[in-house]
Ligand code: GLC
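A lone chain, given as structure tokens: the form predicted on its own.
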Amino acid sequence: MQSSLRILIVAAEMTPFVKTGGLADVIGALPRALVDAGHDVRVVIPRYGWIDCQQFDLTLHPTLLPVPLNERVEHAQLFLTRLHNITVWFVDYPAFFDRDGVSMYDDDDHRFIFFCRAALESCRQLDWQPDVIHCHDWHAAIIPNWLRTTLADDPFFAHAASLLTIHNLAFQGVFGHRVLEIAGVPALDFAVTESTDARNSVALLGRGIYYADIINTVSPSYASEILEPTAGAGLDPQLRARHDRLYGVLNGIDGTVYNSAADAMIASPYTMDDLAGKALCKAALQRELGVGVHADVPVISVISRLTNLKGYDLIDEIIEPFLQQQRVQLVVMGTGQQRFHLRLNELRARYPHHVAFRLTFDEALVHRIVAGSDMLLMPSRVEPCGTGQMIAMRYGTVPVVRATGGLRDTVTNYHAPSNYGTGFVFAEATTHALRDAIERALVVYADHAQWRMLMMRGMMSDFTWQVAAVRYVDLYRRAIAARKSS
């Protein structure tokens, strides 16, 4: 039997404390699955000014935390709490983190270099030596650099391996060369990014890729796609050079939160064995959104940022004929480009019984939309992982997706002769391909027996974090082995 691991997870955000995107959901869920599997996990994030100590029962560590950077020592404070048997540390330094947002500040280089060093020094102060340090995105990408250079001879971290997870390669932490001085590391003798002028800039993510013991992305297909210039965002040369250390692990979803049989946010519970509640959820959603209550008209939903990257322009170009013929009802929730906001309001005015638009993001409404819809559209041009399609399938809502990244890895295309598949997948990011996928879905929707089996296959899919945690533990052990061998 393999021994349990000491795992330090370093990230910029974590639900329920702070969330700007999907990264926070990962950091809120993965550690819980790791702890349930018997591992010793610590998570460290900044203590942003709005994180309330009383609300989350944060305890102040009595000793100031010295943070050495570039021959200077600053002092932070350390707060601790427990959440679902996970110990969470908070680096408190108001000059950097008592602000309205998480990032997008002129001094982000200094802020997150400081945070990363404070995360490491927290281990030393609390006398807790990690076996592996799991670094997420550019915010924590300097840590593998330090472990291989300035901290290589530090006995406290001498055996700590590093895993760098890339959630979205587009965000690289590109700064001027001053960031090297702040971090106290030498310049590299190669360009770490081709997307900017390497003489005047440094991509922290590129340095993490160069130094990490193991690298992963959030789906196997995305791990392959970013090796090519079209998706590599200028870092594909470095990724190709380390392709033997690059893996893809699908994100998971929380099966206790997304559970049609026990979801208090939806109109009626339902299961694979008894789908009657699904029809009740559909009627309740239609009433709530003010569209016509029609059991036989499929509700197609979009829960997304309304941008070209998410493929909303394709939806916009092809949807109106479906509405004119009263073949579908369209439900959209999200924000994005103003032209799409205006267009959706026009469609809603023109087809009040067939279009609903909510210019917001509401977690409870997400549950009601997913439970009450028949299909979910995700025609993304880029989708590193995506969880919308996983959640949809868990609720018996059939995804219509483009074959990219995690969408390709989680949704199998329906094949009528073999009665196979969990959704409708199309390859090209074109209006023709999307229109054809919707037409195929509508044909199957008209066959109640085939549609029911399609729903049930999706509901049987297992995309929980317990599955992902097993893969991450394997990567941790690979990182430890790589560290020892070097």
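Note that residue numbering follows the sequence shown and begins at 1. As the structure is a computational prediction, the values presented were derived from the model and not from experiment.
The protein also exists as the form predicted in complex with the named molecule; that form is not presented, and the subsequent description refers to it.
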Look up in the model of the complex whether Thr387 has a non-hydrogen atom within 4.5 angstroms of the named molecule, and give yes or no.
-> yes
Heavy atom to heavy atom, is Lys282 within 4.5 Å of the named molecule in the model of the complex?
-> no
Does Lys310 make contact with the named molecule in the model of the complex, using a 4.5 Å heavy atom cut-off?
-> yes
Given that the partner is absent here, does His167 sit within 4.5 Å of the named molecule in the model of the complex, heavy atoms only?
-> yes
The named molecule isn't shown here, but in the model of the complex which of Asn145, Asn216, Ser260, Asn251 has a heavy atom within 4.5 Å of it?
-> Asn251
Using a 4.5 Å cut on heavy atoms, which of Leu454, Val26, Val43, Leu34 is close to the named molecule in the model of the complex?
-> Val26
Which single stretch, out of 179 to 187, 376 to 384, 263 to 271, 362 to 370, brings residue heavy atoms within 4.5 Å of the named molecule in the model of the complex?
-> 376 to 384
